[in-house]
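Just one chain follows, in the form predicted on its own, and it is written as structure tokens.
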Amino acid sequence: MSTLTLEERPLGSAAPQRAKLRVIDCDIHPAMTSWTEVHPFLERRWVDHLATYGSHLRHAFSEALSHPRMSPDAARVDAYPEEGGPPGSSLKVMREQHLDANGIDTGVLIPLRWNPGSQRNLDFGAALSNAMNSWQAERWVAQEKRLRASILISQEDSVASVREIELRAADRRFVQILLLPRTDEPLGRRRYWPIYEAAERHNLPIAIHVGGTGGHPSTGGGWPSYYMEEHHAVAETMQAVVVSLVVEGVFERYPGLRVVIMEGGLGWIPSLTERLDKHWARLRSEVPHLTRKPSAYISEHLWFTTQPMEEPERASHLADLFDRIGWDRLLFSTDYPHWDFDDPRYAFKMPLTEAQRDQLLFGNAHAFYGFG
């Protein structure tokens, strides 16, 4: 698979807009140059633990595989800082290459590397989540006013997760709670409900971004052979997450909960919604806790980020997909600095009015996060 720089990517027939764009990017991936960046925010016990034992996940070598799988190297080749370190580790490069170049008003950080939510040692996972939250706040947000952070939690430990949410909820630098979908059990299961209760109580959305290492195969049929299969499997994972949240009754129990599905694609949403409604009409006696059809919960509680959206040859098909999902449910994201980054000037391969473009690039996220 070739890795393309921004200049090399095929741009289709779309052209940049002359008017200045307002952009809120809901998916920017920061990285550490090394573990030592987090040391100032960890107790000495955990610094020693890192040096002696390192990370412990259920997928062996999941943080050491070569480009592009599960590695920060799944990035634009021009995103490596000159001073060394992985893509996303330099605020200077991020400013020059993305925030300034693309006129980003606000960028939401989604740290993925080091995976605190999937650590098998739950105490270490809780400590690492806390440290990485402080790292986001001090290393990134305090130095760049356009950035906002996501609350990382050790999601397999609901008590520690709620404690971390309570610690960060009043800090307006944090705008959402980050969950990774490949968990020990489906995310609708009751072991995770205390997290949703805390999110609803503090009016913080849940962001479910592709990732996690729960130890289960990435597809329903087992482990895939190719990176292409692995890359596509993220859409399958997100479908399973949505079904679990709806059918287990999470949204019935927490009617104020808002969830954004990040980097899971878009084309499957209408068909999944219609299929769930069909099954509910025939099997609703099994789930009496659902007082409405599944599509009602999905349309009220779920939002979706645009990257990586499908790019059909007919632009009208993409517009039809947006119509079926709801234009107000789409939040723009670039996935910077990854190789399939979406440039806000060229991302939508269809004609848009100024109002539609502003809604997708700015307005929806502005309303969703309550940016003032």
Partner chain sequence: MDHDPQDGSVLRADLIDCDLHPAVPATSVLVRYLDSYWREMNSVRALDRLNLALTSYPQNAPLACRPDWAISGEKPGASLNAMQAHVLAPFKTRFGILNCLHGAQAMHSEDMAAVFCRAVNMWVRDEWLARDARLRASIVIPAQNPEMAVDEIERCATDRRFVQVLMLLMGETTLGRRHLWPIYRTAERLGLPVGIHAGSAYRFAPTSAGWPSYFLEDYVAQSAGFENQLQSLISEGVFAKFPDLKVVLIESGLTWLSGFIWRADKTWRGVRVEVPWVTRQPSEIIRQHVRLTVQPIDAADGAEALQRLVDHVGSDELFLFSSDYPHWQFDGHEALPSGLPATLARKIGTDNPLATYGRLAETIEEEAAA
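Because the structure is a prediction, the values reported are computed rather than measured. Numbering follows the first chain given and starts at 1.
The same protein also has a form predicted together with its partner chain, omitted here; what follows describes it.
The candidate spot formed by Y227, A235 and G267 lies fully in contact with its partner chain in the predicted bound form, as each residue has a heavy atom within 4.5 Å of it.
Heavy atoms within 4.5 Å of its partner chain in the predicted bound form map, among the stretches 163-171, 132-140, 183-191, 254-262, onto 183-191 alone.
Think of it this way: in the predicted bound form, its partner chain has a heavy atom of just one of V250, I195, V93, V243 within 4.5 Å, and the residue is V243. The contact with its partner chain in the predicted bound form, taken as any heavy atom within 4.5 Å, belongs to T219 out of T219, T291, N203, N121. Within 4.5 Å of some heavy atom of its partner chain in the predicted bound form lies at least one heavy atom of Q239. Its partner chain is not drawn, but in the predicted bound form it has a heavy atom within 4.5 Å of H279. At a distance threshold of 4.5 angstroms between non-hydrogen atoms, H231 is in contact with its partner chain in the predicted bound form. Among heavy atoms of V77, none comes within 4.5 Å of its partner chain in the predicted bound form. Contacts between 335-349 and its partner chain, taken as any heavy atom within 4.5 Å in the predicted bound form, involve W339, D342.
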